[in-house]
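Quick heads-up: the structure tokens below are two forms of one chain, split into structure 1 and structure 2.
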Structure 1
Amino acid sequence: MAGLQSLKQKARQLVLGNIAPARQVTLNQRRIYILPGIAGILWLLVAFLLFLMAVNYANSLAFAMSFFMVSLFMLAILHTWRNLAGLTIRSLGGDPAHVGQPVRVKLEIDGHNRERIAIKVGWPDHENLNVDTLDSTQIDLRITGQKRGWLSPGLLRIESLYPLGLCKTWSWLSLETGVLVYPAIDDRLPLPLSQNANGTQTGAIMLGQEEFAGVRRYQAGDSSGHVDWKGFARRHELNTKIFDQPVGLDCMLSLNDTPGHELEDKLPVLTAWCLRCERQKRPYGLSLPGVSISPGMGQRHLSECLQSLALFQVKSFQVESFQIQTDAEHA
């Protein structure tokens, strides 16, 4: 099944050519396809039956009716096509999320002052929305990122059957989402402790120095080991125990500390560690081949680390322009 999908995707690429993805695409004649659907073929069949009736009864009004249906069919082609023609789709990005978590991609659809009705927008196999617009309209499309890096769910499909459903018009767009997908969170492993400068402390001592500071509402990504299970049994609230970490114990996270062989297994672990350090208010830095982020804390620091993890060794295009974009958003 997956093979078939990728084959389809490849065929589309072949037909459409390798269009470089862009943040904004305006549909012109060359991008819009139109074909009569089953409803349209049935419509012509009804018109033909009426024609036969008109011939056999030599009935002028029946002739007129049959010709009217044919005319309307031709008109429907124009109207349906017009529904998409000149439409502009703009990606407004969206908040980053981890692999496996739903992402909302904000799209702006600009009809340029022409009424557009019932336009179906969406990536195949993901959420599709039905939009009416005159000027510009914003929609959120929910997608679950399957791979870290810039979210690219393939070609965006825009289609419309309006007004009469006789023809289906559609277009495939190569649209940059501008949404970053962080690696998944693998929170099964404790923080590495050998990163301290003197290197003498052990895990046990480290754990002992954690001081219980209270509880807060459970968040996705929290370690199951820190969940307040007793409290959950009593109050049915899922909370996470928070431990204060003594300041000054910087944690330098590196690929070398993670177990496993595959990069894609290691990155989720690092991601989880970053999140845990941030949660535990322990300064952390990141060291990857070619990337080095000095220890720090805070939302911006976390974003920077997660972005580095997301984009680490990802073949990508125009990454820099996105970085500017996302930085600007965070600022």
Structure 2
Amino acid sequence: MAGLQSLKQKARQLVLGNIAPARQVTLNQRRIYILPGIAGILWLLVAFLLFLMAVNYANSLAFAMSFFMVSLFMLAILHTWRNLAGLTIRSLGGDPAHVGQPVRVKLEIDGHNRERIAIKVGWPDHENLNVDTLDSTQIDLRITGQKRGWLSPGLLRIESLYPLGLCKTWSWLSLETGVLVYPAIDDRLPLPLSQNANGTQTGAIMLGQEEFAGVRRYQAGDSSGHVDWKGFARRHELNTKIFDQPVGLDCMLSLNDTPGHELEDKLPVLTAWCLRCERQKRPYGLSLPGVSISPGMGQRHLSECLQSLALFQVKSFQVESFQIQTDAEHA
């Protein structure tokens, strides 16, 4: 099935040419295609039969009816094409996910103050939505990430049959999704052994800035930035927030020390190790050929490691206009 989808995608690109991906696309007459649908073909066939009958029997009413049907068909061509003409589709990115997980890509459809009815938007073999818009409408399309790197599901299809269903108009767009797909997670292997400076494998937790650990009574000299003001408003007790920071037992995760023969077998293991260290509050770093990330913790550090794993040796276009939204930024 995947091979057939790839073949279809290559066939479309062969017919349409190499369309450069862009963050936003405005549909003009060079991008919009239109042909009669099945209903339109039947409509024209009936009009033609009426015309033949009118000629044979010199029937004025049949002439009028056949001309009316052809005129209506011509109007349908114009209005169906106009339903897509001038439409702007803009990619707003989405949250990162791992290979095999669903990804939501946010799109904005701008009708430029003209009503657009029953526009079908989606990537073939993925979720498609029907959209009505006047000014600007945002939608989320769900896609399954098939491989790591910047999500590139192929050409986006936009089509419409509005208003009469006699003609079908469509366009193919190559959009930068701006969504990063991390490697899959292979959590079957244990973490590699690590040694700290004195050769032991025991870690410790000290007060720091990383993880929220609770509250204690306020003491003179505590930073006002750590005072639990919300709790003071509720309970009238002045407390100070305390944070933990793990020390020792740093774990340096290296591609060279990861079991497996193929790169795509090793990266899921490294991904799982990063996630496990994060859950266990254990400082970890990452070493890849050409990439070295010092030990650390936190959502920003995790996102940096996962992004390096996702883009390692990936030959893909760069999406510099998008800012990756980490979980820490959402918090």
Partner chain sequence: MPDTHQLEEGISRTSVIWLLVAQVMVLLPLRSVLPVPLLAIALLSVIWRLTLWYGRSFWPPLWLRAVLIVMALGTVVISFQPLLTLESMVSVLAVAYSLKLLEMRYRRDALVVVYIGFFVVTTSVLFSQSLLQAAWLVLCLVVLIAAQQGLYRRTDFLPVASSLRYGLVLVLQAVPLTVVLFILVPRLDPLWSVPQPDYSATTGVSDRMAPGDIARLSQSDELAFRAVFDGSLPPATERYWRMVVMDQFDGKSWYQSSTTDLASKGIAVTEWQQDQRQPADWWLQQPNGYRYEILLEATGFPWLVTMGPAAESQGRFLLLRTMRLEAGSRLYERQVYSVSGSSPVFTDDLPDWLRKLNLQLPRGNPQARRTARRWMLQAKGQPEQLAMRIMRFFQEQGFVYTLSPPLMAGESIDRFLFSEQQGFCAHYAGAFVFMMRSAGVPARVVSGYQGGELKPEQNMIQVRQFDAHAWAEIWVRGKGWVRYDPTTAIAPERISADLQTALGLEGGFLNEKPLSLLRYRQVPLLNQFRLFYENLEYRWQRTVIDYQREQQQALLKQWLGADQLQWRQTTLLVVVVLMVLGGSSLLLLYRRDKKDELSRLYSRFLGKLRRSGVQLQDGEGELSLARRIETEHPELSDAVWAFIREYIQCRYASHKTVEARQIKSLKIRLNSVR
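By convention here, residues take numbers in order along the sequence of structure 1, the first being 1. These numbers come from a predicted model, not from an experiment. Only the largest set of C-alpha atoms that superpose within 1.5 Å between the two forms is called the rigid core.
- Assignment of forms: the chain in structure 2 is the form predicted on its own, the chain in structure 1 is not.
- With the core held fixed, the Cα of Pro102 is displaced between structures 1 and 2 by less than 2 Å.
- Taking 2 Å as the criterion, Phe232 counts as shifted between structures 1 and 2: its C-alpha moves by at least this amount when the rigid core is aligned.
- Core-superposed comparison between structures 1 and 2: the CA of Leu27 stays below a 2 Å shift.
- The two forms line up on their rigid core, and Ala62 then has its Cα shifted by 3.6 Å between structures 1 and 2.
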